[in-house]
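Take a look at this single chain in structure tokens; it is the form predicted on its own.
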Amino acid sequence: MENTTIFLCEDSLDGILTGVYDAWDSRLGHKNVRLETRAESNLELFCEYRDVERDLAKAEKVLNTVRKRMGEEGEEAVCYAAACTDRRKADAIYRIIVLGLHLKNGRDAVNCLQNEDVALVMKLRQKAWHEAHRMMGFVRFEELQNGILYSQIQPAYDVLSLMAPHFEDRYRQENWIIHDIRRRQMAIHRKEYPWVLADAEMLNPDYKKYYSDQEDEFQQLWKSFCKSIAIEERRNPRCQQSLLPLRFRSCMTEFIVDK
């Protein structure tokens, strides 16, 4: 009986897809390999471990293959599932890709819900989609003195790269930054250019102290509007929290108390 070889990859879409490439290319047999992210891995006896360094070229090759063989729905399922927090996700993504490449019609892979790995990927996809969809509505931009629109978010999952295309489409004529302060990364968009993902360490911490001349006025107007449309007699905190959980509010203008 052959020992299992575990490929340890970075907990990111590019890291996991690089792991998929290396595991497939190892020719060890799909039953004899497993993918895990470094953050979720626990060392096991009688297993060989191989460290996977993120390689954008390898990740792009895998994603292009998924897009070609498994279609847009398969690509979306892989990308969204990778954004979630689950120790099983890397191996499940590997298995659904293997399944998609072996089926006559790879697009059918996402419908094989009797397969545990497929079911997990689709469950994670739904969770990440739900988080990204809600975050798109809860993002609050602040105009800085240099005209850049700046926003902070703290999503439960790594959905920044899933949200950015939405804002690129909506704010194509604006310079903006969406800063995921939990994961210390930023989506940066320059007017008329594609958005890019960057390390938040590049951001000057004093950068957002300088608002534009009208930003404070607009923030007060927004808070006044939110307060004026509220009906005190119909106030229902429990219902409000089900639609707008407390964890989102620390980055939303209307819930930030004036100093």
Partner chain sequence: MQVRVPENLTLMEKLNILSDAAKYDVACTSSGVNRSNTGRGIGNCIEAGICHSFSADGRCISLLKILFTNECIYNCRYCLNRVSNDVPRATFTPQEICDLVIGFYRRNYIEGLFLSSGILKNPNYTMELLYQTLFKLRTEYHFGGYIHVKAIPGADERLIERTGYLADRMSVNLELPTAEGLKTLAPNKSRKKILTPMRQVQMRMEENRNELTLYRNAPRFVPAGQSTQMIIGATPENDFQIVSVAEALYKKFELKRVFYSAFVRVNEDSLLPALPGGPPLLREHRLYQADWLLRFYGFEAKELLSEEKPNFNVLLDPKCDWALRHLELFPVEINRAEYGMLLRVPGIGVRSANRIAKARRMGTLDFADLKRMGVVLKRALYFITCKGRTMYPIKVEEDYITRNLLNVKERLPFELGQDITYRQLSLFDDMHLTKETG
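Residue numbers count along the first chain shown, from 1. Between two forms, the rigid core is defined as the largest C-alpha subset superposing within 1.5 Å. Note that the structure is a prediction, hence the values are computed from the model and not measured.
Keep in mind that the form predicted in complex with its partner chain is missing from the display, and what follows is about it.
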Would you check whether its partner chain, in the predicted bound form, lies within 4.5 angstroms of a non-hydrogen atom from each of Leu113, Glu116 and Arg238? yes
Of the residues Cys79, Leu149, Ile188, Leu101, which one places a heavy atom within 4.5 Å of its partner chain in the predicted bound form? Leu149
Candidate stretches 179 to 187, 154 to 162, 90 to 98, 139 to 147, one within 4.5 Å of its partner chain in the predicted bound form by heavy atom: 139 to 147
I'd like to know whether Glu174 contacts its partner chain in the predicted bound form, with contact meaning heavy atoms within 4.5 angstroms. yes
Consider Asp55 of the chain shown here, and say whether it contacts its partner chain in the predicted bound form, taking contact as heavy atoms within 4.5 Å. no
Could you tell me if Thr253 has a non-hydrogen atom within 4.5 Å of its partner chain in the predicted bound form? yes
Are any of the heavy atoms in Glu233 no more than 4.5 Å from a heavy atom of its partner chain in the predicted bound form? yes
So which residues in 163 to 192, when you check its partner chain in the predicted bound form, have a heavy atom no farther than 4.5 Å from it? His166, Phe167, Asp169, Arg170, Tyr171, Arg172, Gln173, Glu174, Glu192
Could you check, with the core superposed, whether the Cα atom of Arg235 shifts 2 Å or more between this form and the one not shown? yes
